[in-house]
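What follows is one chain in structure tokens, specifically the form predicted alone.
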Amino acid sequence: MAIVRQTYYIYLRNLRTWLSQPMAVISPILSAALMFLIFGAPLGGITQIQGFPTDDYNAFLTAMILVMTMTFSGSDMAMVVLTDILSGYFDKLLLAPINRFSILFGTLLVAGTRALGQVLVILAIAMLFGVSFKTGLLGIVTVILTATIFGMGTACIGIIIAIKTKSTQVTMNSWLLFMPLAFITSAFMPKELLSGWFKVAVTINPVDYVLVGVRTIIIQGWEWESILPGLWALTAMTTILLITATWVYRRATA
């Protein structure tokens, strides 16, 4: 099919652009390693608190690092799309005799590839720090798929921001939008040990359900009462964001 072939070539071009920027590839390695070093050892004593679900704080942190990296990748994709818009490349694609949705799908596929690469790097670093999965190989595969899909979902937010605003200033500061999604979670402490307004905010943040689901797979096993809400939240968020991104894109290119 023509749309498949066109999407492939758009994807290939965008992938090469990403790989041509070494820091875009190296930064996930550096940031993940720094998070384990900065938070892992200094906060390791938290595991002694009664009710803490694991005695390995690095294992507890792994889900946070995965979800946080995937969340902020949305702002990265916003800049990638905006760069194409401001450089005129986006308009050239619209004038070319190709299906317009190939442009969107090719961008999302690159977002998925970026997310997959980041997830694999983070998990490799986690294992170097001694993190083991209670669910074994199947759990590792499940976490990889979950985090990658989540990364594509947040990329949709970035695409929406870039297309709707076409503003460098707004897009560069879009990380402020992603910060509450990443930090108002049970990233550093189980929700049961939180209190006040923060606990309420965590409860209504859908990203936390994804984080808890991933963390449960890593440190506790197949406890579906914690995993399923995360999978449902992931499915709902990704579906809504994908539909919204498609709608925004369609209106912008009509």
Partner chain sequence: MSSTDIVLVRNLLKVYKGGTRAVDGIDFAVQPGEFFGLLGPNGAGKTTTIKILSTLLKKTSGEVRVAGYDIDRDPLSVRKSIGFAMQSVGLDDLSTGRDFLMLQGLLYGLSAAEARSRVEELLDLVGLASVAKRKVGTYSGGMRRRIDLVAALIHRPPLLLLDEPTTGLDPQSRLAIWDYLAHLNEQGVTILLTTQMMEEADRLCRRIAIIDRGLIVAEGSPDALKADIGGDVIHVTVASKDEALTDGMLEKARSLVGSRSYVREATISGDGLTLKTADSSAAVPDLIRVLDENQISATSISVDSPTLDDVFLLHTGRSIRAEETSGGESDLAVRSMLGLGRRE
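Keep in mind it's a predicted model, so treat the numbers as computed, not measured. Numbering follows the first chain given and starts at 1.
There is another form of this protein, the form predicted in complex with the partner chain, and it is not shown here; the text below is about that form.
* **Candidate stretches 143 to 151, 95 to 103, 111 to 119, 68 to 76, one within 4.5 Å of the partner chain in the predicted complex by heavy atom** => Result for this chain: 95 to 103.
* Asked: If you check in the predicted complex, is Thr239 within 4.5 Å of the partner chain, heavy atoms only?
  -> Output for Thr239 is no: heavy atoms all beyond 4.5 Å of the partner chain.
* Asked: Is there a non-hydrogen atom of Ala245 within 4.5 angstroms of a non-hydrogen atom of the partner chain in the predicted complex?
  -> No.
* Asked: Is there a heavy atom of Thr235 no more than 4.5 Å from a heavy atom of the partner chain in the predicted complex?
  -> Output for Thr235 is no: heavy atoms all beyond 4.5 Å of the partner chain.
* Gly88: heavy atom within 4.5 Å of the partner chain in the predicted complex? -> Taking the distances in the predicted complex, the answer for Gly88 is yes, it comes within 4.5 Å of the partner chain.
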